[in-house]
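For reference, the chain that follows is the form predicted alone, supplied as structure tokens.
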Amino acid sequence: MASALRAAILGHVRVPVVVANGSKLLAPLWTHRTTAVRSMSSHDDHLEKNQVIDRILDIVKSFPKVDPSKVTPEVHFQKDLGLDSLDNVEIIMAIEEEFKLEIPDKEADKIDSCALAIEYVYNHPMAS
């Protein structure tokens, strides 16, 4: 949780860059007309949406109780695939493991379809 919060904050922090000229340090760049800003982030390579879709669909298709031919990006876990709430929890755990993230229980309870899982993972700053 703390690492996700840290990454989310660092993803939006901008730090003025000081330019060195030989051995002499110039004034910080924010005093000049042109400002150089370095984005600070521990997670610069965000996943493409099609990567997220493919990986989530693979997770759901590999679930033992699921008929892979029924799995689409819009499929609902319980209504369309006939899974129960325990199966839903297992799929969420597999998604957490696949994308190396932790989904809080309040958020996990809301994820009941591939579409919601895709959106959650795609918008998560720490998904990898």
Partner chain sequence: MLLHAHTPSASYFQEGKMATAVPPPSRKEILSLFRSFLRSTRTFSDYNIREYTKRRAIDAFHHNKTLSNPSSVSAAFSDGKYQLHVAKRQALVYSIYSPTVKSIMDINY
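Residue numbers count along the first chain shown, from 1. No experiment lies behind these values; they were computed from the predicted model shown.
Keep in mind that the form predicted together with the partner chain is missing from the display, and what follows is about it.
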query: Listed residue that, although the partner chain is not shown, lies within 4.5 Å of it in the predicted complex (heavy atoms), from 103, 59, 66, 53; finding: 103
query: Partner proximity in the predicted complex: residue 48 to the partner chain, non-hydrogen atom cutoff 4.5 Å; finding: no
query: Distance check, residue 89 to the partner chain in the predicted complex, heavy atom within 4.5 Å; finding: yes
query: Residue contact check: residue 114 to the partner chain in the predicted complex, 4.5 Å heavy atom; finding: no
query: Distance check, residue 97 to the partner chain in the predicted complex, heavy atom within 4.5 Å; finding: yes
